[in-house]
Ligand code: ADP
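The chain below stands alone and is given as structure tokens, in the form predicted on its own.
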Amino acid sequence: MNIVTAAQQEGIETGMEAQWSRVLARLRTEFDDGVFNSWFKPLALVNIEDGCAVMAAPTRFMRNWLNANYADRIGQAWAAENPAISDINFIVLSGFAAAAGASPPSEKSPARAPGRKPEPAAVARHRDTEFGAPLDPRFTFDSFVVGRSNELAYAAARRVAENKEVHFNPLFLHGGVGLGKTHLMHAIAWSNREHFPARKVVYLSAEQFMYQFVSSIRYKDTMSFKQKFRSVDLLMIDDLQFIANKQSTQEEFFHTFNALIDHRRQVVISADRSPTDMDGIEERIRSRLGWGLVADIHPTEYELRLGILQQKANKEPEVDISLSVLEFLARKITSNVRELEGALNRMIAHATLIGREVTLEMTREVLQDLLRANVRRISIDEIQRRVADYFNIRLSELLSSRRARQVARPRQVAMYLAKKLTPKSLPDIGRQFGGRDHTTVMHAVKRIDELRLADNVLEEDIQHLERILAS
């Protein structure tokens, strides 16, 4: 066991700071004072781990600007100073601005959600000491389109936001990328502040939680960290899967979670999978996450995608987009809401900048790369339908708990194809097969792999299905 003494730890930290000072010196020689003082001087080094230098910027605006304009050059300066560093990561930690002793470039004050009244003094006081991430004013309940795939998560989020009394704690939202988890969490924060302005509401990612915890250890200020996180009325942590296998962070999260629950403070968590399917998370944490309400956000159906597009198109009255174009996009782009909205944004930008009418022909031309990608992307729903048709069974039987061979074997084939032809994880696939466990999917994939070697008929069936799905 390697034991690091306090003196050795201090030496490590001093060495990191010395490296960062030399990196700054390199950058100072390459850029004028205005650029250096505005963009580089306000940064603070948080940690160096696994070949990645983690640096804190005081605002999200500054982090985004650095990523877009100076990330490559800062990375080169780091590599020249320390060849072991192959990557850099900017995070937002507002407390570092004062610690760095610099004045970062000005940024507009955090925007209020559309139509909101000026916030009371109590909220302003909380904002002065807020240590979470900024909230996006676009993400409100009014702008969230509800469908069958997300109605439970939406109803639960509204209940949490509009009731001071805790009904289910925690609220755990899970689903794939771009399905609306972050939107709902921001909406909860906006609505809760509107209904209960004196409450302290904090939203941040699990990554930010971890780096704030690491920083508190580094600067020997863990007590302050504990006090600020355990004093909030509503704590929301996004993308909890990020702390998988981070034992120290999980330990602190566990104690923070328990302290808030014990004092009847509301906790809202999101992740890409349900608590029971989260690998690398301690069993005691997974157990407690299931105490409250676990709400799944499923992939969007056609009607929901069309509703999202119509709502967004209505906010752009200067660009006339026909219903046929919106229907075309809703049918063709099925991956997630972010990609869907991104496609519509491209059409609006093209029409605005070039002045062309938005037609189906123009849509196919402008979005040809995105449409090609979506043609190649096969969905689990499609695999299930094709397999059910091929083996002449009902889709409901394929998703049922029936174990008869004429149903179980096609189900295993469908799971096998879903694992082979889609990027979905085993837990994601299991959820779409009637809420089955990921170990069931793993067994199905292994079984079909074995049978393909010995059963020529099954091998031909699978090859034929793959050709159908690829066509």
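As the structure is a prediction and not an experimental result, all values here were calculated from the model. Each residue number is its position in the shown sequence, starting from 1.
What comes next is about the form predicted together with this ligand, which is not displayed.
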Contact segment among 282-290, 207-215, 156-164, 174-182, judged by heavy atoms lying within 4.5 Å of this ligand in the model of the complex: 174-182
Answer key, this ligand contact in the model of the complex at 4.5 Å (heavy atoms) among 308, 326, 387, 187: the residue is 308
Counting non-hydrogen atoms within 4.5 angstroms of this ligand in the model of the complex, say which of 242, 139, 168, 391 makes the cut. 139
So in the model of the complex, is this ligand close enough to residue 337 to count as touching (4.5 Å, heavy atoms)? yes
Heavy atom of residue 225 within 4.5 Å of this ligand in the model of the complex: no
In the model of the complex, does residue 144 have a heavy atom within 4.5 Å of this ligand? yes
Whether residue 341 contacts this ligand in the model of the complex should be assessed with a 4.5 Å heavy atom distance threshold; does it? yes
